[in-house]
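Below sits a lone chain in structure tokens, taken as the form predicted alone.
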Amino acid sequence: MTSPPGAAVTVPALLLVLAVVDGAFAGFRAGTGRNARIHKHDHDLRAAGRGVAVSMAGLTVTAVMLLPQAAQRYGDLIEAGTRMLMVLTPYALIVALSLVAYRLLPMRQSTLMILVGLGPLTLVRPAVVVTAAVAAGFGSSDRLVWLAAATAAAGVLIVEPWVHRRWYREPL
């Protein structure tokens, strides 16, 4: 598999954006239902920020692990990232479309979009992340690629439970 032109920059950038946005949503989900106040915009923003911070910590661990050998294996890592994006991008687009529909549709239809769209989409999220990690390692015999994919997937999946246990174990 050959990477498309510009993939050396766009693949890591897209993976970074997906990880940060996913971290924000994971942090938001971790804080949801823990605050009974009506006006909790600040609470939700803080929870999303905590998710981003934990997500960035996970990305940092992955980056530090890759740095010593990244230059020699950059092509393999980009190809693995491209395979990850083939799995993650359709999922991210469906989630984004359901959020746009939630925002634009009348109340009843938007509520239905959240129930039908985000409920099942949140449930399949771990399977999608694991599938993306397996796809990244598929076709590569490089153990660094496998380790990077596994570390990145674990970093993404740990955000919500970490934020929940660290900051939202007890109701506010």
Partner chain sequence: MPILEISDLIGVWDPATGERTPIVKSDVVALLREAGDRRAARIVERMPACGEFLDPGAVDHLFLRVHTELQRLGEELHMVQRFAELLAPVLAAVRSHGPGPLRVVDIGCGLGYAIRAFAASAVLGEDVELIGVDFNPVLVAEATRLAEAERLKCRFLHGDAFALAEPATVYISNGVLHHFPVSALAGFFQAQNRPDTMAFVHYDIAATRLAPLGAWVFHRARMREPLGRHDGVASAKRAHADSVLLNATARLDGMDVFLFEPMRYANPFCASMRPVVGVRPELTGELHRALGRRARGLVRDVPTGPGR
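Since we're looking at a predicted model, the values are computed, not measured. Numbering follows the first chain given and starts at 1.
Note that the form predicted together with the partner chain isn't included here; everything after this is about it.
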Checklist entry - Which of 52-60, 133-141, 65-73, 36-44 has heavy atoms within 4.5 Å of the partner chain in the model of the complex? => result 36-44
Next on the checklist: Is residue 6 part of the interface with the partner chain in the model of the complex - any heavy atom within 4.5 Å?
Outcome noted: no
Next on the checklist: Against the partner chain in the model of the complex, would residue 29 count as a contact residue? Criterion: heavy atoms within 4.5 Å.
Outcome noted: yes
Checklist entry - Can any non-hydrogen atom of residue 127 be found within 4.5 angstroms of the partner chain in the model of the complex? => result no
Next on the checklist: Residue-level contact is defined here as any heavy atom of the residue lying within 4.5 Å of the partner chain in the model of the complex; does residue 145 satisfy this criterion?
Outcome noted: no
Checklist outcome for this item: Near the partner chain in the model of the complex, with a heavy atom at 4.5 Å or closer, the residues from 99-137 are 102, 107, 108, 109, 110, 111, 112, 114, 115, 118, 119, 120, 122, 123
